[in-house]
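In the block that follows, a single chain appears as structure tokens, in the form predicted on its own.
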Amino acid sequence: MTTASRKRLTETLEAWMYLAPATIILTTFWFLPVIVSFAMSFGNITALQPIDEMKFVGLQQYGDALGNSGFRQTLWNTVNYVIYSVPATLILALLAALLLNTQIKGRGFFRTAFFLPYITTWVAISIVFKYLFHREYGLGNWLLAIISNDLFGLETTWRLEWLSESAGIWELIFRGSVPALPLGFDNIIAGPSLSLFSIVLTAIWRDIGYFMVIFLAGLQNIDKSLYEAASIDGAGPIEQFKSITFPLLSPVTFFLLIISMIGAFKVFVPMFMMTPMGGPDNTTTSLVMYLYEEGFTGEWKLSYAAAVAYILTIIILLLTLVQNLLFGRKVEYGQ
């Protein structure tokens, strides 16, 4: 063996030694569970029987899930959560980033204040907001009373059932005049239940800071000479945003759109903490919470839960591909 070959072999062995701990951990706690759970989704295993007694049932678990009314309801709940949380969070975060990218006093304080909720655990946030949305003593109804009584002069005694109302928000606003549609689409038209919408508000409050920081990084990466040239040409702030800011922020926006959509589909903790047992009429049960309940409570239907998990994976994958096809070509990576 030549000196060069011996040196290359030594470098390869050293590289594998450095990679071995991470490789072992990822294989043990990531790759193997993924493979085993995928195999389980084609069987009929539960936690009450040995895994070697599992029988192959093909796509039966997937068919059972898609035909289950409980699964379909949780799917609509999750879709409603995504529709109402993702766009609102991105828009508000972008507005906050634009404001804090200017020379305003105390912007360092506000940047920190906006970001702090994101580094707070979901459990702590859920407990706090559960009390904020309390019917009798919560800040939510207290603020509504102030707005209605002091600002509009309306003497109101009603209180919103923030975390125990199953009716959709548009149903409540339009007094139940939302038309009934087949296949669960009425759930989309009626909007999320007030209980789910309360969780949406909590999620928006938590995530704005993280998205704002990413948007700020994108804004500060835009060449200031572009704005100077646009000002010389007579372009106002709105035209500068449309022609410079928004196009050059497209990589950041596209990235945040993808990760926020994925995170919203995987939501679990706020539903579990703020509205136990799925909330009123199961209107706050997300797909991941439904997976947890089916796989790790009651009959412990592990194969069924695994099938639900891979259906969720397929949904996220397809939506990511669709977003890439629709928006990927419109992203401008250069200045």
Partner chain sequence: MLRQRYLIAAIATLLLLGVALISACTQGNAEPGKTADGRIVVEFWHAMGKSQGEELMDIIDQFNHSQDTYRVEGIYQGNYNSLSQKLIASLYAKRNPAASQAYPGWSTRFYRYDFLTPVQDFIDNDPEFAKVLPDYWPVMIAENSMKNLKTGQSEIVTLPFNKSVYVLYVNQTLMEELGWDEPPHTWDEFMQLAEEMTVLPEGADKPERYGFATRPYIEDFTVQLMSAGSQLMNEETSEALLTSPLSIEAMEFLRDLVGGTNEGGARVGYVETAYLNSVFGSERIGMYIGSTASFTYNDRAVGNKFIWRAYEIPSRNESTEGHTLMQGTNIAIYNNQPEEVQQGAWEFLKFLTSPEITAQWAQATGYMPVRQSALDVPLLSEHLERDISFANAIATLPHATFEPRVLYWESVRSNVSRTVESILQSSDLDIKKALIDLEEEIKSIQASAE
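Residue numbers count along the first chain shown, from 1. The shown structure was predicted, so the numbers you read here are calculated from the model rather than taken from an experiment.
A second form of this protein, the form predicted in complex with its partner chain, is not displayed here; the remarks below concern that form.
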| item | value |
| --- | --- |
| Contact test in the predicted bound form: M17 vs its partner chain, heavy atoms, 4.5 Å | yes |
| Contact label in the predicted bound form: T297 to its partner chain, heavy atom within 4.5 Å | yes |
| Distance check, Q49 to its partner chain in the predicted bound form, heavy atom within 4.5 Å | yes |
| 4.5 Å heavy atom contact, G63 to its partner chain in the predicted bound form | no |
| Residue among L326, L9, I24, L317 with a heavy atom within 4.5 Å of its partner chain in the predicted bound form | I24 |
| Stretch in contact, per heavy atom within 4.5 angstroms of its partner chain in the predicted bound form, of 67-75, 259-267, 139-147, 113-121 | 67-75 |
| Heavy atom within 4.5 Å of its partner chain in the predicted bound form - qualifying residues of 278-294 | P280, D281, N282, Y292 |
